[in-house]
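In structure tokens, the next block holds one chain alone, the form predicted on its own.
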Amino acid sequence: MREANEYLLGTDDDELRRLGFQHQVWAAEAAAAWERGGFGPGSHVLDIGCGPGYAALDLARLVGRQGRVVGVDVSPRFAAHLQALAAANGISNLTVEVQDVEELSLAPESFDGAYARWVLTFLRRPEAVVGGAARALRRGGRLVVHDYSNYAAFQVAPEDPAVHRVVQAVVASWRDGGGDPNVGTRVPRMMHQAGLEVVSITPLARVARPGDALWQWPRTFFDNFLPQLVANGYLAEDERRAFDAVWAARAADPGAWLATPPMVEVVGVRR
């Protein structure tokens, strides 16, 4: 059973595992972003759209006992998962709130930093999230956003039409659900309109080869999402099988490589 307002990929056990793996392969980029955001011991940090909380747990360790982390997510299932993980790991400086991130209800000027990774891309009103985060920041506080700037540019080489077809289907489904797979292009303006000064814009792109952990990252996404695309009419079953065959061939090809969808990191500060 799907939760009300459940995000595009669902909240089931397969997605929990996928998100955990995803955080592992992008952990270095997250840590570098948190440093640019000034997150550190004693900081009060908001994790927007925290999901099952893999980043929130790392943030709680980073800010230490004198700091605190508040994770906000629309999913009660994800919130319960994070609360259980925090308890099991003896983490007491982390709390979770079930909220619609487009309607953030937080005390003004109560956080030193806020973080949103692959959240705005799924939403109809991402500017509302940026505005809510800006209001919750103290002066000097920073909002750090990681999100896609051109999802359709995901590339597997050597190229094949079967891969292009799947990416087109993903993008169409995403847009029909109200999301924007290129939302990163609009984030600096959103921050400016919310009263934040953009202090850095950093491109994020990585290349993987067969056997790399990063090679498996998009594969886990496709394993979870392509059956939904078939069920909802965005992709034919023979197109899915053709994609799987191409992927298997590339995975066995020492000359193959993939480029992750272009992303952007944007950091804004409240003056």
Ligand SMILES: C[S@@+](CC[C@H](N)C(=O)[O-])C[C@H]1O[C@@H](n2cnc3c(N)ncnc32)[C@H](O)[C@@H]1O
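The structure presented is a predicted model; accordingly, all values stated were derived computationally and were not measured. All residue numbers refer to positions in the sequence shown, first residue = 1.
Note that the form predicted in complex with the ligand isn't included here; everything after this is about it.
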Worksheet item: Judged by heavy atoms and a 4.5 Å cut-off, are Phe154, Val171 and Asp180 together in contact with the ligand in the model of the complex?
Response: no
Item to complete: Tell me the stretch among 73 to 81, 130 to 138, 196 to 204, 158 to 166 that has any heavy atom within 4.5 angstroms of the ligand in the model of the complex.
Response: 73 to 81
Worksheet, complete the sentence: Students should find that, of Ala86, Val96, Leu123, Met190, the residue having a non-hydrogen atom no more than 4.5 angstroms from the ligand in the model of the complex is Leu123
Worksheet item: Is Leu59 close to the ligand in the model of the complex, meaning a heavy atom pair under 4.5 Å apart or at it?
Response: no
Discussion item. Residue-level contact is defined here as any heavy atom of the residue lying within 4.5 Å of the ligand in the model of the complex; does Leu106 satisfy this criterion?
Written reply: no
Discussion item. Residue-level question: is Leu19 within 4.5 Å of the ligand in the model of the complex, judged on heavy atoms?
Written reply: yes
Worksheet item: Taking 4.5 angstroms as the cut-off for heavy atoms, does Gly49 touch the ligand in the model of the complex?
Response: yes
Discussion item. Need the contact residues for 112 to 133: heavy atom within 4.5 Å of the ligand in the model of the complex, sequence order, or none if there are none.
Written reply: Arg117, Trp118, Val119, Phe122, Leu123
